[in-house]
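Take a look at this single chain in structure tokens; it is the form predicted alone.
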Amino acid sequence: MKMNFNKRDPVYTQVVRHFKERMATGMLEPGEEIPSRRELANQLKINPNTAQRAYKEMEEQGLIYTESNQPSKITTNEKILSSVREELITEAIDMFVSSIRSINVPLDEIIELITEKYEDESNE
């Protein structure tokens, strides 16, 4: 697992987001085992306490679960998985809308441009 960290956001929140993105795209399957906290820290070259904090956050959000001494796993709760995808889509749309609004592009033009770009990306 590789990640490029930015300087703006806390590392643990970037780790949580990375897991959410992989869950939303199906790269991490429901019920799939994930690396231990120590393994993740070694893979990402981060402090083990940071990995622990990311896992604690994901457990609190219901994204992962740990049963006794077993490895942590991705949730199998479809409602949570669906909400992760929706959250990521909403964040992307919010960022897009706030950046595009400042240049006063009419909505119909935006939709046309998005449709063209989306179809171009699909055909590649």
Partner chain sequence: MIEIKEITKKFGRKKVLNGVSFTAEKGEITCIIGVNGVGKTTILNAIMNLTPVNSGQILINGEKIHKGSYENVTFIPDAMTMLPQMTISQAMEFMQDFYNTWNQKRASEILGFFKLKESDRISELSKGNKAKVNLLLGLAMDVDFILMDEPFSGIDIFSREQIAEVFTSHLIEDRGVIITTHEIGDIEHLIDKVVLLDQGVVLKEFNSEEMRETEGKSVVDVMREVFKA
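Residue numbers count along the first chain shown, from 1. Quick caveat, the model's predicted, so the values are computed rather than measured.
Heads up, the form predicted together with the partner chain isn't pictured, but that's what we're talking about next.
Contact check for residue 73: every heavy atom lies farther than 4.5 Å from the partner chain in the predicted complex. For the chain shown alone, residue 6 is a contact residue for the partner chain in the predicted complex, at least one non-hydrogen atom being within 4.5 angstroms. Among heavy atoms of residue 11, some come within 4.5 Å of the partner chain in the predicted complex. Remark: residue 48 counts among the residues lining the partner chain in the predicted complex, judged by a heavy atom distance of 4.5 Å or less.
Only one of 89-97, 61-69, 32-40, 74-82 lies within 4.5 Å of the partner chain in the predicted complex by heavy atoms, and it is 32-40.
In the predicted complex, just one residue of 51-77 lies within 4.5 Å of the partner chain by at least one heavy atom: 53.
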